[in-house]
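One chain follows as structure tokens, the form predicted alone.
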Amino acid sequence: MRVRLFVTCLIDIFQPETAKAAVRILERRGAQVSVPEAQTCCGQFAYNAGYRDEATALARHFVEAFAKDEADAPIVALSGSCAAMVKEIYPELVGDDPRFPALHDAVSDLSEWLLENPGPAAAGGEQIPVAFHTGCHMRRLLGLSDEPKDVLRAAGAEPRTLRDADQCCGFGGTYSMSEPEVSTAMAEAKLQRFQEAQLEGAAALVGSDWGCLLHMAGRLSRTGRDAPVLHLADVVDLADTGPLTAGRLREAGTFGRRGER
């Protein structure tokens, strides 16, 4: 079983450990993983900022990068928003490319693939509560909200939905740079909900998109709040190698120390 990994630019640049974790969990489930080296940004930043021509160029580059070989292999994305860009926006940008329909159908979020290809059962023990954040594009464009939580439950975690979960975290790509005050206030509101979840026992903040997670982790770091933030792939990778514990989640997910693992 071959799988093409759609790493996404934010993970490649800022959180490569998550990509490594994804490769490990895919391989444990019998996949032969390829990572097309030519892949770059999916173009979402440019598209959302109104730069349609630039977004189209990046979309066409995505087609070139992923259509070179293994045309029938699934493409597993590590970002719900990037997967949504390919599934929902690319048809209007590169729908004229005869190679695109096969790529469109091949793309899925990591959680979808993991539900179809489950790994070893989680080691016995207490379910560890975690706060789960679902990104806006993942919920509204892909229609995915339960799937990541089901994956976490299978890994030995107890995902808890944040209050006001349907509210944006404030990242929004270039929005966080063009409207920093509003974006920061939105991040702070989301982190107040996370704090509520922590008081009720949540050991970490988990999500499926490092865009949202970096935005919130950066706010935590800059305000001196030390809390573990992890991608779904990081949690599953931990669960594959032993029972989840609050200590293991903290060691793996404290922002700024991840590269030291």
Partner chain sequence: MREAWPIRRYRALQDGELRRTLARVLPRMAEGRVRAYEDDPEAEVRRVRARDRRREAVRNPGLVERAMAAIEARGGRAAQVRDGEEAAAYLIEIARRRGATRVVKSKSMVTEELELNQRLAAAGIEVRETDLGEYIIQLAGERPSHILAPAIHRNRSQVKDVFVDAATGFGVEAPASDDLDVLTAFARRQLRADFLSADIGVTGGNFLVAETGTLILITNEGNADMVTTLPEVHVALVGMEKVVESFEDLTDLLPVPAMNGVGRRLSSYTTMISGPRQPGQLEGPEEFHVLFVDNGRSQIRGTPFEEVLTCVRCGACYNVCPVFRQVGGHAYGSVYGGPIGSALTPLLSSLRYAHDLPESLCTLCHACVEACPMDIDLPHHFVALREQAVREGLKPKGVSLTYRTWSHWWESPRGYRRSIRLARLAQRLYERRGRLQGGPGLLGGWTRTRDMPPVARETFGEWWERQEERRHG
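Just so we're clear, the structure is a prediction, and the values are computed from it rather than from any experiment. Numbering follows the first chain given and starts at 1.
The same protein also exists as the form predicted together with the partner chain; that form is not shown, yet it is the one meant from here on.
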query: Cys9, Ala46 and Gly50 each touching the partner chain in the predicted bound form (heavy atom, 4.5 Å); finding: yes
query: Option from 69 to 77, 147 to 155, 162 to 170, 104 to 112 whose residues, in the predicted bound form, bring a heavy atom within 4.5 Å of the partner chain; finding: 162 to 170
query: Interface membership of Glu200, the partner chain in the predicted bound form, 4.5 Å heavy atom rule; finding: no
query: Touches the partner chain in the predicted bound form: Glu92 (any heavy atom, 4.5 Å); finding: yes
query: Non-hydrogen atom contact Thr184 with the partner chain in the predicted bound form at 4.5 angstroms; finding: yes
query: In the predicted bound form, Leu214 touching the partner chain (heavy atom, 4.5 Å); finding: yes
query: Contact residue in the predicted bound form, from Ala227, Cys41, Ala31, Val63 (heavy atom within 4.5 Å of the partner chain); finding: Cys41
query: Heavy atom contacts to the partner chain in the predicted bound form at 4.5 Å, residues of 208 to 240 in sequence order; finding: Leu214, His215, Gly218, Arg219, Ser221, Arg222
